[in-house]
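Only one chain comes next, encoded as structure tokens, the form predicted on its own.
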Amino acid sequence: MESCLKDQIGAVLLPGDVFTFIKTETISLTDTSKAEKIICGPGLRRNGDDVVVCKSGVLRHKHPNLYWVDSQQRRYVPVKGESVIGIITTKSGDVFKVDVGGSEQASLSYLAFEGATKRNRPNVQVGDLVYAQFLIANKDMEPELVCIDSSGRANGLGVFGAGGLLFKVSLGLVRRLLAPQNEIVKDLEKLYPCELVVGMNGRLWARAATVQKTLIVANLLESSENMTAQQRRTLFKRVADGNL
């Protein structure tokens, strides 16, 4: 099956396409310790002895054996371990309800913040933005978020967002922005130094030196989604020269 997958790298796949599993190979959804195992990423799902495509998009490959489907969807499906930008919608006892852009709201305990105790509660209000990570995310349970890592530290998670702008982009652009040494982020930092928070749920938060520059940063990021590298550099150069 791995040879079949390699033959389809870069090809457009549709939901329902099937890759047959050969008995001499092993499929894994989590274990990356052995090079001979095939790792199924987003858009691919194991079904018995087959791998089934569950999202439309382009098949991608990362050495040595990771495969996934690169899609441009906007609807977010929670995944355990992913960091997202959420909006606090309600307080319900000891739990906050958070809008993460999925089919249902996620819960966030007041104890899931660094240094939080029953006496020392975090100052979180309805409407606040939180950068949080999914602790539980499956189809049979309510999604649950935390704002601490495994050692109990915030490590960049928590309430944020004062003075910035929140906007939404496709999940495909989010993956590009989070890629190491991403050219879009590098070019943007040269043009307008800014703070940027990227959520895997397709939400971006930006803050530059002024409100005008913040709006320009947001527009440039949204415009970069469907541009080639050359078109993006041309646009950034025009902005730098003040020709827009």
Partner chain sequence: MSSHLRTTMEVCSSDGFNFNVTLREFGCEQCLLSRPDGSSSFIQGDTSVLAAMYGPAEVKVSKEIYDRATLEVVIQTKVGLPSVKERLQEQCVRETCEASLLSSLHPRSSLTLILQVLHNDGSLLSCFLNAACMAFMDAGLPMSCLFCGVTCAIARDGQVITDPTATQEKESRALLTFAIDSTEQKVMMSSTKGSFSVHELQECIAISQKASEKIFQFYRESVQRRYSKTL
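Quick caveat: nothing in here was measured; it's all calculated off a predicted structure. Residue numbers count along the first chain shown, from 1.
FYI, the form predicted together with the partner chain isn't displayed, but the following is about it.
Contact annotation for Gln73: at least one heavy atom lies within 4.5 Å of the partner chain in the predicted complex.
Of the heavy atoms in Leu177, none are within 4.5 Å of the partner chain in the predicted complex. Proximity of Ser103 to the partner chain in the predicted complex falls within the 4.5 Å heavy atom cutoff. Although the partner is absent here, His61 sits far enough away that none of its heavy atoms falls within 4.5 Å of the partner chain in the predicted complex. Distance criterion of 4.5 Å from any heavy atom to the partner chain in the predicted complex singles out Val53 from the list Val53, Val185, Val197, Cys40. Using a 4.5 Å cut-off on any heavy atom, the residues of 218-234 that reach the partner chain in the predicted complex are, in sequence order, Glu225, Asn226, Met227, Thr228, Gln231.
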